[in-house]
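The chain below stands alone and is given in structure tokens; this is the form predicted on its own.
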Amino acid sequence: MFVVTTLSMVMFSLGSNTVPYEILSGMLWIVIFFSAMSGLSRTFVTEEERGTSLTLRLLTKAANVYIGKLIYNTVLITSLSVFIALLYQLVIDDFQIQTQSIFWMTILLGSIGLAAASTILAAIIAKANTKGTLFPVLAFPILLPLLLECIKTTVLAVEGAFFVEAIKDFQILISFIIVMIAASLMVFEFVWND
């Protein structure tokens, strides 16, 4: 519902105005970001509220919990991002993708990056008292480089750039994912057992 509401607001605010594709690319990632924030923020909260986190601590290693949550979040945000991207292309007439391979690779890598950063942040937030408001505040500065790179690569896809032209941007996105997952695996045990 959040996605439909947000896209409706974008569509009505644009009206019949012609908006540059750079702004439309940014708006797509804003919708994806806030949809992810509303969905991924409660990844570990239910375990803390129900008290099942203690059982998980006794039964399995912290790395297994993190990897399981990461896989779940990746599937969830990738599905959501694909849905948003398809709906966005249907609703916004001025948003025409010229190079589909760049666009869908950006959606995939951006979704994995969002899931990688959000999983560790959700674990940290689950321990805080103000769970709802703290998540987007912490996530935004960490995810800003990822979002800027995704917007840049989406602009390349709209412009009709060749796939080779986006390789450096994909390397940056992959590097972000690797760093986030590696750093998260290193600190997750401390966060989980605290």
Partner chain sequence: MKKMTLKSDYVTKAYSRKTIFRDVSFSVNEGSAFAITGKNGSGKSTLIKILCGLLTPTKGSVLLSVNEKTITPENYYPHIGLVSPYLNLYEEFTGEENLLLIKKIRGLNSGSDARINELLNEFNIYDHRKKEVRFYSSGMKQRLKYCAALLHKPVILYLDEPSANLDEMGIGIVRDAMNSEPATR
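Numbering follows the first chain given and starts at 1. From a predicted model like this one, the values you see are computed outputs, not experimental measurements.
Below, we refer to the form predicted together with the partner chain, which is not included among the displayed structures.
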I'd like to know if residue 5 sits close to the partner chain in the predicted bound form, meaning any non-hydrogen atom pair within 4.5 angstroms. no
Determine whether any heavy atom of residue 61 comes within 4.5 Å of a heavy atom of the partner chain in the predicted bound form, and answer yes or no. yes
Since only the chain is shown here, I'm wondering whether residue 47 would be in contact with the partner chain in the predicted bound form (any heavy atom pair within 4.5 Å). yes
Applying a 4.5 Å heavy atom distance criterion, does residue 137 contact the partner chain in the predicted bound form? no
Among 161, 67, 56, 30, which has any heavy atom within 4.5 Å of the partner chain in the predicted bound form? 56
Let me test this: is every residue among 52, 189 and 193 within 4.5 Å of the partner chain in the predicted bound form, going by heavy atom positions? yes
